[in-house]
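Take a look at this one chain, the form predicted alone, written out in structure tokens.
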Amino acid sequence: MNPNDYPQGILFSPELQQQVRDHFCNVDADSYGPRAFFENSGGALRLKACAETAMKVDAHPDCPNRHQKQADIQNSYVEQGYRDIHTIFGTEKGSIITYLSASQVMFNIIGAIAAAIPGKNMVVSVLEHPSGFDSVEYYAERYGLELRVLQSNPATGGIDVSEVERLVDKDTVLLSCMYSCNITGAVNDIPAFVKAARRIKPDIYIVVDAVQHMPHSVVDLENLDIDAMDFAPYKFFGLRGSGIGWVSERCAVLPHNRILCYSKDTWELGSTAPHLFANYTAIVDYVAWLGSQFIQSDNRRELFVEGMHRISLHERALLHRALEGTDELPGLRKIEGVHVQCDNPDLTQRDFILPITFDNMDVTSAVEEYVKRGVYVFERKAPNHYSKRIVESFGLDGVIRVSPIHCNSTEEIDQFLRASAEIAKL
């Protein structure tokens, strides 16, 4: 199926929605009480199966590659985890990188490319998370390269392909752009960016930050001619404590920190944490289970893709409800005093991240009012380093970021809309 054929999305059935919610920890309440958790761009609701791996697997002291049976079991978690990372990325090619965070992944990849590839400039988007923007800026300064910045489109909240065509030239070392903006939810047309950049410079290195996009939609590296991508498992229903990267075959052999007895395309350093690899498998198990509710297949990737398509469609339907409301509740577009920023009408080009503002109060005060009403959201504003560059590119000083995921329900969307209407009248 093609999710773009359903511009308003498709909700899960009530029965499936409940089964989905049953897979997650603290889905509608935690030890402090009930709440609607709409802050999944900062953390994420996580799978019970992922949380269980920490105790089930990490409680064992055994290290892989020893002689006892327990070591073989630990090693099996690691081997399956690597296979499932490739399943998530949609390719068997290239090399996998694991660090403590996706930010570490990004800095190491950008640093390796900048050090090895000749050129005069590096191109990065204004919308990048600091791990992407700051790494490019740091290495551009270190190696005497011009820093070029793709500017945003305030109407869509993303980057237009014309910006790539404007800034990339035959002397560009790399192009770095996130798949979707972590403040507006705008999905950048990465295939078009790749085509435009390689038309100008065929051997340019292209790096994509997929941290925010990966939990919402399918990534298919087999059909995407890039050199590196990263994601964060803790924002993809999993555990904190690791960041995952993928590098192409030519990028993998660039000089980088490595254990010298291993092959030149190996980036892994030190002992593995088997429970984290079991956690990656738990993520794929869950998404494949969801896909199996709609199609029959023995192919793990096919089930995973179908599951991600269904996640995209359910979230799009929730997004449509949040924007347009119901017969009983006005949506955000219809509540006086509320503004949806960067409100691209094409929902197929948006992940479910909503930037909103109120006429009657600043964004921090509004977030506090939401929390009083049991809805957890967050403000992204200047002068915070993680927000300033992005929100100011849209002519704003801050927004309230609303970021549900697919295990959130229509009832929670309605709770959020009622809270929004109340706050707008304060």
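Since the model is a prediction, treat every value here as computed from it, not as a measurement. The first residue of the shown sequence is 1; numbering continues from there.
Although it is not shown, the form predicted in complex with a small molecule is what the next lines describe.
At least one heavy atom of S101 is located within 4.5 Å of the small molecule in the predicted complex. Proximity of T91 to the small molecule in the predicted complex falls outside the 4.5 Å heavy atom cutoff. The small molecule is not shown here, but in the predicted complex it comes within 4.5 Å of a heavy atom of Y234. Residue contact with the small molecule in the predicted complex: S217 places no heavy atom within 4.5 Å of it. The candidate stretches are 306-314, 336-344, 261-269, 124-132, and the one lying within 4.5 Å of the small molecule in the predicted complex by heavy atoms is 124-132. V211 is the sole member of V211, V164, I283, A228 with a non-hydrogen atom within 4.5 Å of the small molecule in the predicted complex.
Contact with the small molecule in the predicted complex, defined as a heavy atom within 4.5 Å, holds for exactly one of N182, S176, Q74, S152, namely N182.
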